[in-house]
Every structure is written in structure tokens, then in C-alpha cells.
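This document opens with one chain alone, in C-alpha cells, the form predicted on its own.
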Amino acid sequence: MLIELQSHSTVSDGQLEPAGVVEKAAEAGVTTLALSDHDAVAGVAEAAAAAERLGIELVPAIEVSCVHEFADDLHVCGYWVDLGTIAPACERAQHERVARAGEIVENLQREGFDIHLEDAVEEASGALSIGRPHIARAAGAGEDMGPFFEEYLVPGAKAFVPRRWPTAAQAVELIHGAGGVAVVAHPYWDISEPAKVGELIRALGVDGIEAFYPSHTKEQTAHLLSLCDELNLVPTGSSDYHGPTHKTFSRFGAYDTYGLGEPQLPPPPLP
């Protein structure tokens, strides 16, 4: 079994259409997949149809971008969400994203960049979840966007605008309200200090932790698994697939279990 509980399509910041993501997953031997586009579920139906054709279990999912005192850009995945129930939150999040993008573009203009919001929207190619990568490409950041992000688009940088809604607690509430299971995504990607990671997870009332992740070290993975044991949470895993030529997340099966355990699929909540 190869469980992959995060992947992204052109509905957000991925490179492939939803069905294309599922096809790549099948080629890689994935048996259980979640298409977890940022603040959007519009691709789930297409992915589910492709998954049925290819014999993959497809979990209806979303990755909610949120804010917390420990991180300006935290992520909580929701699995088994009711798509209709979560849709209004997606719509609000997309409006928030566009407004934030407009503010970032204005900041970049003040820094001397010849860029307009329409340019970023065009880079998103109709994606429902416009994000900082789309803005960076519109500003001419090139393939390696790291230096551009560091100078302009990360917290404290010249053009950065913080996220305002939802908070991490609200994100968990939205997922639970849609009948879903809430899992903190890649905690050590967003927060570096183990004490803060533990404090965050204990406070949020989530159902699981994404313990297995490409950038997690053996020590970080062991810590997250110990939290799962302590708090009776489900350990999940993903390679966070974004597309075949993505600089960081270009393949399935990229996470290491370090022999410490195996990722699990959170069961759907009881009716």
C-alpha cells in the first residue's frame, strides 16, 4: 500500500488537471489518494471519476490555509468532508486570496515591479486558489522562486501581506462542521520548534498529524508519532505532490518512514 494524503491540481497550485494527478498517482503505485487543493474542492469530482477508473481509493479532501500565532501560513487538511457543506468556506477563502494578492501586487509595484493583479490571475490559469507562486511568476521570479520569496513574499519581507482568515481553530471548526476529519499538515514545514509544535497540536483539537513528509527528519517524525500516541491521533503521510516538474514536490512516494511506523488513513467520522 502507498498512501498519499496530499496532492494538488490546477484547481490550486498544482501543474496537472485533477484527473492527471490521479493518473500519475496510479503510475507510482499509489493505492489511497487525497486531492487536497488549497481552499478548494472543485477538482474532487473529476479526481474521483479517474480514481474509480484506475482502481484507486480517492478521499474527498481539502487543505485549508490558515493563520496562527506560531505561523503566518499554517495548513490543516480535511478528509471525508462534505463538498457542498465546505463550499461556502472555499468561496470566502478564494475572495480573501484575491484581496490579499491585490495588496501584495500593490506592494510589489511600490518596489518598482511592473505587475498587475490581472497578471497573477493569468498565471493562475483559472485556478480557484490564487497564491504567492502565481504572483512570483507574474513578477518574473523565474523557475527558482526561492530568492524572490525570501526578499519579497515571506513574513517580514518587503511585499508580504499576512493571511487574516481563517485562524487555525476556525479551520478545524470548518472541517468538523463539514463532517470531516482535521489533520495538521506538515507541522515542521511551518514551525521549527518542537515545543511549539506540541503546543499547537494539543490546543487545536485535531484528529491527526501528518507525521510522514518529505522534509521531516527522523527526529521530527519520531516526535510527531509520539504525539499521536499520547493524544490518540492518526498519523498520516504524503509527498505533497504538485506536478512532475515542481522544484520541491515532483513525485509520489517521496516521504520516508524511517522504519518508525506507517501512515494511516483516518476513518470517516461516525454519522
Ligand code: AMP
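Predicted, not measured: the structure shown is a model, and the values here were computed from it. All residue numbers refer to positions in the sequence shown, first residue = 1.
Separately, the form predicted together with the named molecule exists; it is not shown, and the next lines address it.
(request) Quick one: find which of 77-85, 150-158, 197-205, 117-125 has residues within 4.5 Å of the named molecule in the predicted bound form by heavy atom distance. (result) In the other structure, the partner sits against 150-158.
(message) Using a 4.5 Å heavy atom cut-off, which residue among Asp73, Glu103, Glu96, Glu173 comes into contact with the named molecule in the predicted bound form?
(response) Result of the distance check: Asp73.
(message) Taking a heavy atom within 4.5 Å as contact, would all three of Glu4, Tyr188 and His216 count as contacting the named molecule in the predicted bound form?
(response) None of them does, since no heavy atom lies within 4.5 Å of the partner.
(message) in the predicted bound form, is there a heavy atom of the named molecule that lies within 4.5 Å of any heavy atom of Pro166, even though the partner is absent here?
(response) Pro166: no, not in contact with the named molecule in the predicted bound form.
(request) Check whether Gly146 has any heavy atom within 4.5 Å of a heavy atom of the named molecule in the predicted bound form, and answer yes or no. (result) Heavy-atom contact with the named molecule at 4.5 Å: present for Gly146.
(request) May I ask you to check whether His223 falls inside a 4.5 Å heavy atom distance of the named molecule in the predicted bound form? (result) His223 lies outside the contact set for the named molecule.
(message) Using a 4.5 angstroms cut-off on non-hydrogen atoms, would His68 count as touching the named molecule in the predicted bound form?
(response) Residue-level check for His68: no, no contact with the named molecule.
(request) Heavy atoms within 4.5 Å of the named molecule in the predicted bound form is the criterion; list the residues of 212-248 that meet it. (result) Contacts from 212-248: His242, His246.
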